[in-house]
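Below you'll find only one chain, the form predicted alone, shown as structure tokens.
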């Protein structure tokens, strides 16, 4: 694990044109340009589709058998991002698991505030079940806002008595839109790009007229009983670190099989830089092992 790699990544992020608190249209374009500039690997194919009335991007790698399905929720603070901006990361993880990715193109705020994204997440999952896919062959993965959305979805499934997927992986999930986590302020300056003030702009966009403490908006406050095994990954240099730590505590109290995996000295979204950061590659390897174990275990018990 190279300090030089970590320093180079943080410098790269600091110089990026993204201003999370800036004009949303401009930042969408900047984010798209940043994360879509590098072409996908030669063996990756992407096909637009529809799942439960929600647009999705089907992402497959050449050698995958696709017996397992990863339902993916992209990051972007609920206002930017798309399945394409996360396709490099999602295809990298899927290749390691030998699975197909279905990445959900949920509606974005501020044009579509809460509960639009949650409605889309629920419709996509129900659509996957309605298509005949065994829930025991499904893993849910969410990154940042998509991680919070994934937890909210899982909690709603438990409330509605619907079948849970085999497991879930949450990459630096944003689970508290009240922004009350200690690291929301203590990590300012250590986190190379995000601040509480900028994140609060995006939180307001998503929450709209609702209560940010609503458990379906901030699942850190939800009843998590009945959730499948979850792996939570975070970096120690991010303002969302406390969102991950407190989610792990909440889920453990609610009897969820929970693994908290914090990598020291790395920023938010570090797994997306696995090609240039040893820690990112190692974190994805651990995530893949977790997915493999729980998907294989579910298959073996059918």
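Positions refer to the first chain, counted from 1. Worth saying up front: this structure is predicted, and the values here are computed from it rather than measured.
Quick note: we don't show the form predicted together with a further copy of the same chain, though the next part is all about it.
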Partner proximity in the predicted bound form: residue 54 to a further copy of the same chain, non-hydrogen atom cutoff 4.5 Å: no
Exercise: residue 60 in contact with a further copy of the same chain in the predicted bound form, heavy atom 4.5 Å: no
Heavy atom of residue 182 within 4.5 Å of a further copy of the same chain in the predicted bound form: yes
Contact of residue 236 with a further copy of the same chain in the predicted bound form (heavy atom, 4.5 Å): yes
Single option in 261, 43, 32, 26 placed near a further copy of the same chain in the predicted bound form, where near means a heavy atom within 4.5 Å: 261
Single option in 158, 87, 187, 97 placed near a further copy of the same chain in the predicted bound form, where near means a heavy atom within 4.5 Å: 187
Which of 46-54, 270-278, 33-41, 245-253 lines the interface with a further copy of the same chain in the predicted bound form (heavy atom within 4.5 Å): 245-253
